[in-house]
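The data below hold one chain only, encoded as structure tokens and taken in the form predicted on its own.
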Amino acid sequence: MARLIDTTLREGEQTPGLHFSLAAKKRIYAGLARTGVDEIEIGVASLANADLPALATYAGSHFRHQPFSIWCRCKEEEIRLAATLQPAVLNLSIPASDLHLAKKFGQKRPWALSTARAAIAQALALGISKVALGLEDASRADHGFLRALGTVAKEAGAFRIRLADTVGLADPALITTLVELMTPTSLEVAVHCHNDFGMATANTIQAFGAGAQWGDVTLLGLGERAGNSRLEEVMAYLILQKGEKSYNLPRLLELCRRLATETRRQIPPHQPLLGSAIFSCQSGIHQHGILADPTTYEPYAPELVGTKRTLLMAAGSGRHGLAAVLHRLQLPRPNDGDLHHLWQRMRQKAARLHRPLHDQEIYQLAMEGAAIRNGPGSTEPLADPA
């Protein structure tokens, strides 16, 4: 079963130039809880994170059935701080690649193994019921060492291992390999995918297919550099393609749009699930199919994501689409010959203007066609375009 960890309030807030006030964090948390997301990571256990205690209190008192987690380095003082906030899960993190171990800490693999073991033991001793171990830069780590870290995590009492593609260089094949590496440990597996090559969502979905139980996501794909797996994409895929019933897609999309407004981020017209133009169609071949059966060229109904289908009349549009637009404008359907001539004139004008025609332009062309057909001074009644 695929489950989602939203980390907007931790990883997402690391987006350059972005800062959430405590009030904004509470709104985001409340919105996420109402989507049905499985776990919400609320931040980093650090004295510098002044909002964390208040946010943990809010989460625990207002959404008792919503599990929240805290991210933490394998440092004794940070683990003690995290324990006082009573998270459902503590997500520890340790470098897994030799590059990170050497350059960040001046250490080698035995240090990572012993540090991870001690940190998990400390967290459990302090009363945290569930501890996960995150392997930073796992996609560049030695595979044998990843297995060793997984074995240590299991022996120390962790329930989950979290594989981080820290610089977003993994592809679905590598993600599959990394997930399968953890199978002998019997730990639950999570992935944390970055989007540097545009594969974060695909990698997260592939991880589920390879046996991972958990995927990290953020609203709008917020995060370092190119961001992370988008919650809206992964959750919508699970709902619309895998039949998942526990999530609330309308509330998620509403939350995404509200967050985009609050953070002054533009949603591109063709952004998957959220874009205003994703169900606009101007190809004649596609319009013909959609008019016969929308599932020919649409993966799901536009109403499911709060938008509607729009047929655009452009140089590549067809007669079937044009007839449908005339009907929408409450104009009488011409006979086949007149429709063909109107279609040719519509295509010529759209090509000349380098854009689809507006409703009023279609209406005017239809009126001109009627005048030509019925002779000068014809006043054939036609409705105004809606």
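Treat the numbers as computed from the prediction; the structure is a model and nothing was measured. Each residue number is its position in the shown sequence, starting from 1.
Separately, the form predicted in complex with 3-hydroxy-3-carboxy-adipic acid (HCA) exists; it is not shown, and the next lines address it.
Please pick out the stretch from 295 to 303, 79 to 87, 133 to 141, 176 to 184 that is in contact with 3-hydroxy-3-carboxy-adipic acid (HCA) in the predicted complex, where contact means heavy atoms within 4.5 Å.
Looking at the partner contacts, the answer comes out as 133 to 141.
Within a 4.5 Å heavy atom cut-off, is residue 201 in contact with 3-hydroxy-3-carboxy-adipic acid (HCA) in the predicted complex?
Residue 201: no, not in contact with 3-hydroxy-3-carboxy-adipic acid (HCA) in the predicted complex.
Does residue 364 make contact with 3-hydroxy-3-carboxy-adipic acid (HCA) in the predicted complex, using a 4.5 Å heavy atom cut-off?
Residue 364: no contact with 3-hydroxy-3-carboxy-adipic acid (HCA) in the predicted complex.
With a cut-off of 4.5 Å between heavy atoms, is residue 25 one of the residues that contacts 3-hydroxy-3-carboxy-adipic acid (HCA) in the predicted complex?
No, residue 25 is distant from the partner.
Quick one: does residue 13 come within 4.5 Å of 3-hydroxy-3-carboxy-adipic acid (HCA) in the predicted complex, counting heavy atoms only?
Residue 13: no contact with 3-hydroxy-3-carboxy-adipic acid (HCA) in the predicted complex.
Along 56 to 78, which positions have a non-hydrogen atom within 4.5 Å of 3-hydroxy-3-carboxy-adipic acid (HCA) in the predicted complex?
Only 71 sits within 4.5 Å of the partner.
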